[in-house]
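The data below hold one chain only, encoded as structure tokens and taken in the form predicted on its own.
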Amino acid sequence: MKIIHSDVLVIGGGLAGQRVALAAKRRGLEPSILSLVPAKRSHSVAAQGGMQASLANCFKGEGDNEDVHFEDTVRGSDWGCDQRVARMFAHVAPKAIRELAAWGVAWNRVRAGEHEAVINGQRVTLTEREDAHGLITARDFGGTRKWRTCYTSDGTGHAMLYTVSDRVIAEAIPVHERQEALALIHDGHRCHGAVVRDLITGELSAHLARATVIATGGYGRIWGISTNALINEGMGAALALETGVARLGNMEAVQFHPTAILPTGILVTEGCRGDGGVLRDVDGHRFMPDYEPEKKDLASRDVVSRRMAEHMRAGKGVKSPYGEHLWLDITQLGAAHIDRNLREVKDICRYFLGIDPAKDFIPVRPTQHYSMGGVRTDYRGESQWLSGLFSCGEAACWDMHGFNRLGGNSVAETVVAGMLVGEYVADFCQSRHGDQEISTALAREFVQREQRGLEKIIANPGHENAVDLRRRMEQIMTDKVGLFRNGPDLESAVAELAELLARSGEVGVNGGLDANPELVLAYRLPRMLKVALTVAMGALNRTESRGAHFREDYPARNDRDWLNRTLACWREGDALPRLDYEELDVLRMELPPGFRGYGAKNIIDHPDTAPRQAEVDEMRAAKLDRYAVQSYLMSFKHLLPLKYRGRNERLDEPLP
């Protein structure tokens, strides 16, 4: 049996995983990274529009700070997030973006003087201040009160991932490509690493480590149409789920992006609307101001997606052979702006649609995009149920997004969470908790178990076809666990997904144990179905609407009964996941639950909201600076590594 030792095993080669590995390396540890694909092809590379950080450099960002970013994030989450984590994130984001600039990310910069912009469909002139010239600039994004989304045209993820990957190479961190973790090695209390399969040779090995980090991204490919990369099948969530010990959190919290092109589902960035693009219907009418007169096309993503679907239901969609859609109009931005700031969008439109977005409308519709749920962790990124198991990025329910995330907060989370969780991982490894005594017998037991499982699949003369089962799963999730949800559909989805899970054990495959795509699909399929069932059951049980989770039969946000986080585990032998709940404490919130400002107010209040709001109002009325008020309402800086506690400097907030 082949055994590979490291201090930190990172499962996932995207931005979050690589940044964790860098933090561990800089603390004197020896990390290693597993990646299904060459690391620079990880899904992080697909992020287009930008990364949020409250720098307040450009004219439309003036007055921005951590307080504003924090409040936007909490409101965007529909009060489902961990407010301490949201605070930590908003505080560290400016540090992260400046670190990336120092490493070589070519952020777009402020140019002093006058320049034209399109705001609310109108061309206006903005004047940038002289002392901001050359600083990192920002564009507008949905659900924010300030322009804070820093960007590199519309290739932000590409620039970030290549830069961070180059740092990983420079610091000699090994990246094992075409390697897949099949199971976590654990004793029921402590995680010791993973069983890993070489996708080229089929060989199994044991990767043992003092700490294991799941950073595998989301689970969008359990839906029929998704903006996610093909590798985003939820295997990281399944690894944790199949331990029977670790928990997944908020798996029903799934975001649909408003502007994926028809029919492929490829995303065109929110930067299109941030830069001044608008949504139009079959008549060419700009309809979003009719629904959301304040934020219009730049309402929060969950809101825009639902409004688009409602407008198509009202008969205002554009008919096509691929289904109904609406139009995204960026023609008013002009060819020069598109060539400079939206180059990827132009290429997508040219190669996949055969159109020129400077002249033609873009056919778009809401499509599954992001997973707010994932491996449930504490603020340090560690599972509370399985010591030594950490998670970060989209794979984790850390939980800064709650039930809806703001655009630009996800790619920011990858590096911010990577920075912070990497430090906590190093603390763990260098403490007494990091000492591990693992017998080779335990590793051998897990490797042999996985080997027997693969051999059983190969030997199975089963009559089920994995492709057919997967397509049916994708159709169920698309039709019944989508943008709009209701009890009967969700009950039907759970029942049929459970039946598919049972049938997945009778899949037959051709070929052997080496490089065999049929085998890969056969062993991943039951895991995808388990992930799908945690989503569908979580959605069925949550009888309210919150953020991206919208129940047509329960349209109110019910803080009284549902201000909590869903937890899911799956014990060996169970046919369905077990769900329980983790309450959010209103009395410890810096920003008590309130009205997001979209549509009609439809909230069942929590009994602690009014008294907590009175405490907050009283404190804010005191003549104290914002730092003192914040610290009193919800202290968080003591949770941060010492190196990241310092204040952020801005043009109008110089450091003392």
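Start at 1 and count along the sequence shown; that's the residue number. None of these values were measured; they are calculated from a predicted model.
What comes next is about the form predicted together with a small molecule, which does not appear here.
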Candidate stretches 446-454, 175-183, 94-102, 461-469 - the one whose heavy atoms come within 4.5 Å of the small molecule in the model of the complex: 175-183
Contact label in the model of the complex: Ser54 to the small molecule, heavy atom within 4.5 Å: no
Contact label in the model of the complex: Val318 to the small molecule, heavy atom within 4.5 Å: no
Proximity of Ile11 to the small molecule in the model of the complex, heavy atoms at 4.5 Å: yes
4.5 Å heavy atom contact, Val616 to the small molecule in the model of the complex: no
Of Val68, Val37, Val629, Ile604, the one that lies within 4.5 Å of the small molecule in the model of the complex (heavy atoms): Val37
Sole residue of Arg405, Arg87, Arg542, Arg557 within 4.5 Å of the small molecule in the model of the complex, by heavy atom: Arg405
